[in-house]
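Take a look at this single chain, the form predicted on its own, given in structure tokens.
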């Protein structure tokens, strides 16, 4: 109960701050509209303009504050505007509709999961090789680290153009970008996990004449499970970001990235924020699902209560 109250308190504080931030962000546009409609707008004094900026403009025209939460195209939409947009584009739209966030979320999710599967498999294979091969540890690991210093927003268009030139389109380019972002956390987490058994445990296996394969399956792999699931939670979130980024350079017409792109083209900030929240909800669901799988697996392995 205390945890629920704490979470609700934080959410309430965020909502209050959000509503307050809408006032200075949107006041100028509201006053411009009302001035065109014939309302009297009082400009701030020179001192207020210098010291408080748009807050001074707000104080002189407090009558316009409610309108800052109701603009059609605000700089910063109010929480209830985002909530209404999400309700209308999820519950009130057919799943097959091009305006449905569920439809766009599914398009992004499919690329996310394919890229996550590729990145996870590649990350685990590289981690096993790094742990068991000194050559791979000295050669592959530094390149894996360097690969993450390249901005994905610059790399994504190049990947898409190269793959398009060889006839690869659709979900594959987005999945590759997702895999690029998701494999690194898995590599780092698995390497740490596979190396987590201490010297006494490894010596005990040697006294039993256990082979390297037996040491891997009986000791290293079970010991790496908590590290693996921790890295998978990071990797799936990164994979979702990669799928969204992969939709932006292609001018996609479907996916959460496409919703963000369309909103930016037409100045629909409410649409942009609803797509952002949809992405956040999708990421939370994926991480929560992995957490449930983690608790189930670790409990069956005797590593959690």
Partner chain sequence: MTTGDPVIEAKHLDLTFQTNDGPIHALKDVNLSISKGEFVSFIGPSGCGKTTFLRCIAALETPTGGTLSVNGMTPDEARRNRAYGYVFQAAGLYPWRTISKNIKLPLEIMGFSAAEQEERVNKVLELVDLTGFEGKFPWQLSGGMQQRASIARALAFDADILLMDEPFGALDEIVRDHLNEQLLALWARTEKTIGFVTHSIPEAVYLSTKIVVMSPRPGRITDVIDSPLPKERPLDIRDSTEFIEVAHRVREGLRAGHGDDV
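Positions refer to the first chain, counted from 1. Worth saying up front: this structure is predicted, and the values here are computed from it rather than measured.
The form predicted in complex with its partner chain exists for this protein as well; it is not shown, and the discussion that follows is about that form.
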Non-hydrogen atom within 4.5 Å of its partner chain in the model of the complex for each of 84, 258 and 276: no
Heavy atom contact within 4.5 Å of its partner chain in the model of the complex, the stretch among 154-162, 200-208, 184-192, 120-128: 200-208
Contact test in the model of the complex: residue 223 vs its partner chain, heavy atoms, 4.5 Å: yes
Non-hydrogen atom contact residue 214 with its partner chain in the model of the complex at 4.5 angstroms: yes
Interface membership of residue 75, its partner chain in the model of the complex, 4.5 Å heavy atom rule: no
Non-hydrogen atom contact residue 8 with its partner chain in the model of the complex at 4.5 angstroms: no
Contact assignment for its partner chain in the model of the complex, among 132, 93, 218, 80, heavy atom within 4.5 Å: 218
